Structure formats: C-alpha cells, structure tokens
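The data below hold one chain only, encoded as structure tokens and taken in the form predicted alone.
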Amino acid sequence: MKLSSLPQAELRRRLREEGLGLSIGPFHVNLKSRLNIVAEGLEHLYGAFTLTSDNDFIDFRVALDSPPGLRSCFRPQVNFSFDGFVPFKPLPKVQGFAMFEWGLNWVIANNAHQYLIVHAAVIERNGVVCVLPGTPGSGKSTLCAALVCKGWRLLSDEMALISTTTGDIYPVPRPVSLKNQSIEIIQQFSSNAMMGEVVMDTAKGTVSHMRPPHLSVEQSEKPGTPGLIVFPKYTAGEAPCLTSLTRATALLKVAENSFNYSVLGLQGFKVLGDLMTKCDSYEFSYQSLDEAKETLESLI
C-alpha cells in the first residue's frame, strides 16, 4: 500500500498515535509526529513510498514534536528523537520536515554499519551506477537533481550505501535536498522538478526538497553495481573539465568522504579497494548543467 492511497485523516492519526511506517530503501522507518508541517511534507514528497505492514521489523523509530513548556507557544520549536534519544538542539517549528530529512540521515549514518556509507549522491544510467562524492557546496545535489530530472535513476542524494558483503550499492531514494540558488536553478532547468515547501533562515540557508521520481522509488529494492566515481565541483565561468584519477588517489578521496570508514576498519578498506577495481574515477568541474549532463553521459 502506497502512502498516497492513505486518506489524509488516517495518515495524520497514525502519525500522532502509533506512528507511520515507511519502507525507505532497505530500511523500515516508523515516524511519529503531531506537527502539520511534517504531515504535509510527507503527503507532498513521499506519496510513492510503500507503507510497512504489521509484521515488518522496524529498523528505526523516530519522532518529531514540539518541546514541552511555554516556549512551544512563544517560540515554536521542534525536537528530533531516535528511540527516545534527542541528538540535536531544537530547531524552529517551520523546519520540522527538513529536520526529519536531516535527522534520518544522521540515524542511517550512525547505525547502518552493514554498509560502508559515503557522503555522495548516487545515480544510474543504462545499468551503470555513478557515485558523486562531495562536500557541501560542491554542487553534487544540484547535478544529481538535474540528471534525475532528465531520466537518470536516483539511488540517493545524500549517501552511497555500499554492501560490505557484495560491494553492491543499495538505493535509498528520498527527496533531494537543494539549497539557496540551486532551488531556482533546478526549477528553471526542468519542469519535472516537483519541489516541497521553501524554508528560509536554516543553518544551511534557504532549503527545499525535490520529490524523488516514482520509478526510482519503485526500484528501491534493486541494488546497483558501481562503475563510475565522479567528484563534481561547480565552477562559475569555466568550461567543463574532466580529469582522470588514479585508484590510490580516488580511494583516499572516497575515504575522506565516508561516514563510517574508520568504524569498519580493515573491512572498510577492503570494501573501498574492491570499489576502486570496479570504477573509473574522475574529478569534474562544471558550470552548465547541460554540458555536465553531456559529459557524464559520454562516460556511461
């Protein structure tokens, strides 16, 4: 059963009471919240996701609600909790849905150690999985959103989940997080971009989320074989430049972008070593999304 088939009143009741169960990639997540902004974000951006059944094991139980006390009236805020643990300071209530996205990233990165987890966007074209590692500001999410709008499969905007047993990358296609001018850039680039609410004055600036394509969500249980690693960097005023990397250099750069490489130790090193043998690796600077699309498609 898809979330979109759930009547609005029932969705909000479940959120308030027993929690709403969602299949998100390889994970079953139970979310509880009394906040309208969270319910509205789910309705708009998670409609294609499958609801969990009563027999499903829940991997992560999270909640978003206002802190108790007078502050909830005078300065409305929201807390994110995981199994009752509150890892972050409260944020303004208007950031409630964004906090769900950020909090779930934290939960996965700190608990899903059956995967080597790399901070990267992950997309697929013609059966070839492309990993786009990058630090904030590199343009990876903008490039990822642009390619997804043009028919690439979305595996993730935020993290590559590389199986420690098979080396395959497991999809966790969720809304693509866009910041500041990237929001307008993607809206102008493609009429297919369905954006959620725009939230200003966050720690990351102005933020909005792009709905993941239905087909990518439907293929959530289909892992992919990595074949390409590209370190993107948006560079204004310059022509696209693609530079090949040695396996050793690429390994070090991917390790630097990993959330749990040090936790996995030798196992993490072996997983990265196997990844390097499967992939060609490049640094890629770009300005035009159309030129970036042509360049990356020429590599597939």
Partner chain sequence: MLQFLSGSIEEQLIDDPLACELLLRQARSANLLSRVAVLCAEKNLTLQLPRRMQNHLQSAQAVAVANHRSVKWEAKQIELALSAEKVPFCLLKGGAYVVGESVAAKGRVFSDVDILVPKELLEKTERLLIENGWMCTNFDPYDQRYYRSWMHELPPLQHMGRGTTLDVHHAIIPPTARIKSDISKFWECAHKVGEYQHLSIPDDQDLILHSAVHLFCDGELENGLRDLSDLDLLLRDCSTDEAFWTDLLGRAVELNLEKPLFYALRYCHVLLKTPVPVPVLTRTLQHSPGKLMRRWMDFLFFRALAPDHVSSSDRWTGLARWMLFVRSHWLKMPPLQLAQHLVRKGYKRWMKYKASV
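Positions refer to the first chain, counted from 1. Note that the coordinates shown come from a computational prediction; the quantities given were computed from them, not determined experimentally.
Missing here is the form predicted in complex with its partner chain; even so, the following discussion is about that form.
Contact check for residue 234: no non-hydrogen atom falls within 4.5 Å of its partner chain in the model of the complex. Using a 4.5 Å cutoff between non-hydrogen atoms, residue 265 counts as a contact of its partner chain in the model of the complex. By the criterion of a heavy atom within 4.5 Å, residue 255 is excluded from the residues contacting its partner chain in the model of the complex. Under a 4.5 angstroms non-hydrogen atom cutoff, its partner chain in the model of the complex has residue 59 among its neighbouring residues. Though its partner chain is absent from this view, in the model of the complex it lies within 4.5 Å of a heavy atom of just one residue from 225, 114, 192, 206, which is 114. Distance criterion of 4.5 Å from any heavy atom to its partner chain in the model of the complex singles out 164 from the list 81, 135, 180, 164. Remark: of stretches 238-246, 33-41, 60-68, 269-277, the one touching its partner chain in the model of the complex is 60-68 (heavy atom within 4.5 Å).
Annotation for 20-58: interface residues with its partner chain in the model of the complex are 26, 27, 28, 55, 56, 57, 58 [heavy atom within 4.5 Å].
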